[in-house]
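Presented as structure tokens, the chain that follows is alone, the form predicted alone.
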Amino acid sequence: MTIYRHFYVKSHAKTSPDINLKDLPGSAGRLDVLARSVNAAFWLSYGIRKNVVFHTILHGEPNAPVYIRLEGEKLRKVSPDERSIAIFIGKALKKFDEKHEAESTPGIFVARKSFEELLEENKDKKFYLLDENGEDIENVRINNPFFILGDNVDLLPEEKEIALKYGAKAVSIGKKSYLTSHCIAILNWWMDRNEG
């Protein structure tokens, strides 16, 4: 049986599909951070991780919140560079439907969803909240994981409260504040190393 790794990154990227690909860090609302996080979640030197599901909720203007999910088993034609990932996020935003989840391209889904709704839908998984002050990951048995991270801005206190309400455990990969994408790469490395 495949054990899936779920990553959630709260994003402040804009929710309009007219993305300026030459200015992902600025006018797109740090879409660069999200694109790098997607890259870290899925890509290996020789291919793509099929056992990863990546979730994000975009909180930028003008139409927040917009939920996007990428499923490694179904992803097609997405390249690991930031520009390609941003293009596919733009395609998802074009397909956004207020009432129904839509599959914009193979393996990429878009819908209206809140953070609490997302956790409720995934409550069969074990939530891990990345926090420098959490328990050292070396001392935690990771099982059926759903990791929760912020982008370049931390989660709001009320979002952390929601995560804790759903039983999230605060875990740490070190006392330094690493880039979100680096945290995801480290978590993938950690789980690869400890598989079996």
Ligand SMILES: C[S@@+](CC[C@H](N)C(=O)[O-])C[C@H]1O[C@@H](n2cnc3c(N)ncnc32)[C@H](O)[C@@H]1O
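Not measured: the values here are computed from a predicted model. The first residue of the shown sequence is 1; numbering continues from there.
Below: the form predicted in complex with the named molecule, not depicted.
Site annotation in the predicted complex: the residue of 61, 161, 138, 132 reaching within 4.5 Å of the named molecule with a heavy atom is 132. Residue contact with the named molecule in the predicted complex: residue 152 places a heavy atom within 4.5 Å of it. Residue 177 belongs to the set of residues with a heavy atom inside 4.5 Å of the named molecule in the predicted complex.
For the chain shown alone, residue 35 is not a contact residue for the named molecule in the predicted complex, no non-hydrogen atom being within 4.5 angstroms. The named molecule is not drawn, but in the predicted complex it has a heavy atom within 4.5 Å of residue 171. Of the candidate stretches 64-72, 23-31, 142-150, 46-54, only 142-150 has residues with heavy atoms within 4.5 Å of the named molecule in the predicted complex.
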